[in-house]
Ligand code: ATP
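Have a look below at one chain only, the form predicted on its own, in structure tokens format.
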Amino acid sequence: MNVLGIESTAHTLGIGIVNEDEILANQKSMFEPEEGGIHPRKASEHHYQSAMEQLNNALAEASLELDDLDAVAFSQGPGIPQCLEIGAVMARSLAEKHDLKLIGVNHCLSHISIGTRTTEASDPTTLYVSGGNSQIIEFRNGRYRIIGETLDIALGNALDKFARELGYPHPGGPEIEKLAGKTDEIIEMSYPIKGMDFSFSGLTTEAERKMGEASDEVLANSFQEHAYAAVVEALERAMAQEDSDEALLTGGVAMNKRLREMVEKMCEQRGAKAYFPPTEYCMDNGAMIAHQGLIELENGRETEISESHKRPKWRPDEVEAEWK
């Protein structure tokens, strides 16, 4: 079954195509704000204007025509409403015009499923950290359960906010990583963990207040060390609680080398295995949506047009995961 996937939850418009045997295409275009963060209207306009080009690029990469597709999957949520709407309209249009099966999937669970497809992880405890979400997720009793999560802003959002204060463009995570890599010096900051949950707004404010007291490099390194240690500590607690011997790191922030080092070291000390998807599948992408759609369609799930509305606050623990 050839499934096309449409990702449009935030700054990325991604189109991917997969089947049971391989990932055939993974094209994307990213909205890059001139200043500040993601502007919902401008991001959705970018997605609308990029849609046909990325669709054609994906079909060309896969050497397929629209008539060769069997289904279309789309990110139904969570995400920015205006951006989600573009993907939903595009998916409905393709499904109706070309008589394709339609499936709306959860964006967060798609990050997990592409992680297990592209690694040897089978039933991992997942640390999912991105611009819009930061959660520790385990599968139990028919659902993915959120064991811990951010109490305010997501880790990727915190990195972006701090980078903007330092004068760097969106996305800020890669810029913070570059700065942090220039020094080993760390200054004390608040430790953003609260039991199994974490909180990054206070750490971000504290780092901003210390601007001028320390170099940008030291502030960036200190921010990373405190924030990443907190999420890895929570991940380790979740693994101990669930008696898990597999950890999966996914989401856009999962591309950070220092965070990967921390997860890997923690797993080595526990005698567990750490898994990291290739970086192109950590960031938002259409292939992960297509793959999630494929496995759900194979297990009998399909979305009626009347039920294909956007779901901006759709949590992964609200999904009955029959495919598991």
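Since the structure is predicted, the reported quantities are computational estimates derived from the model, not experimental observations. Residue numbers run from 1 along the displayed sequence.
Below, we refer to the form predicted together with the ligand, which is not included among the displayed structures.
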Would you say all of 130, 173 and 284 touch the ligand in the predicted complex, counting a heavy atom within 4.5 Å as a touch?
yes
So if I measure heavy atom distances to the ligand in the predicted complex, which of the stretches 114-122, 182-190, 241-249, 164-172 falls within 4.5 Å?
164-172
Given that the ligand is left out here, which of 64, 255, 272, 55 has a heavy atom within 4.5 Å of it in the predicted complex?
255
Which listed residue (159, 227, 105, 91) meets the criterion of a heavy atom within 4.5 Å of the ligand in the predicted complex?
159
is_contact(residue 177, the ligand) in the predicted complex, heavy atom dist at most 4.5 Å
yes
Check residue 11 for me: does it contact the ligand in the predicted complex (non-hydrogen atoms, 4.5 angstroms)?
yes
